[in-house]
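Here we start with a single chain on its own, the form predicted alone, put down as structure tokens.
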Amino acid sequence: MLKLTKLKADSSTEQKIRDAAKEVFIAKGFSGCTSREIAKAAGMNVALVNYYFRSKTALFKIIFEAAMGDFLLSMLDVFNTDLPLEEKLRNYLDREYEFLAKYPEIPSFIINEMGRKDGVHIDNTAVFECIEHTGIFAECKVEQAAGRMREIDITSITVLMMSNCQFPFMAAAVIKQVHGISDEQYEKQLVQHKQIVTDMLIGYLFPGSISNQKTQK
């Protein structure tokens, strides 16, 4: 009984440190904070943080990899289905907006940290290989060869998808200030914008699809 109680307490302490570290890292990045700040945010001392996670670097890797996993999970779930490519991309856009509405800070965190020359090196090869292993890129090429999808390079398709999904959330503060709208108004705007983005991207990528012709009517 004593061991069980101790285990639960340790698990709770570890989770508090993780939660605090996530908030601090997302707000300040790896280079912009110290282990002491993370410990303070968790309501603990530095020694306890180092006891559970050894170092700030080790803790950052755990937080970053978890954020990356959360970010890619819904994407992989959609790409691994047997649906036609057009439906997969529609579902991807829908799930991406749903995820970003809950966690709008994740894309900036990932992009900023991956772009830092003085940051923590994390090998993301296996993570990104998971996307290719779904067969989504090969599927695009098959659809293009069959004339059902516009023939543009896969990199451009990725840029189109990412920019139209992530930028509205990454630039939310600027857009709200430019147009003088509240958080609630912008949330409603994003619901409408998701449909605009879906119609625009699917209409461009699959110009001859029956569903697009119905939408245009």
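Keep in mind the model is a prediction, meaning the values are calculated, not measured. So that the term is clear: the rigid core is the largest set of C-alpha atoms that superpose within 1.5 Å between two forms. Start at 1 with the first residue shown and count on from there.
One more form of this protein, predicted in complex with a further copy of the same chain, exists but is not displayed; see below.
When a further copy of the same chain is considered in the predicted complex, only one residue from A66, V178, A58, A47 comes within 4.5 Å through any heavy atom, namely V178. Taking the partner from the other structure, a further copy of the same chain in the predicted complex has no heavy atom within 4.5 Å of any heavy atom of S74. a further copy of the same chain is not shown here, and in the predicted complex it never comes within 4.5 Å of any heavy atom of S182. In the predicted complex, a further copy of the same chain sits within 4.5 Å of a heavy atom belonging to H193. Using a 4.5 angstroms threshold between heavy atoms, H121 counts as touching a further copy of the same chain in the predicted complex.
The candidate site formed by G115, T158 and Y204 is fully in contact with a further copy of the same chain in the predicted complex, as each residue has a non-hydrogen atom within 4.5 angstroms of it.
Scanning 129-151 for heavy atoms within 4.5 Å of a further copy of the same chain in the predicted complex gives R150, E151 in sequence order. The Cα position of K28 differs by 2 Å or more between the shown form and the other one after fitting on the rigid core.
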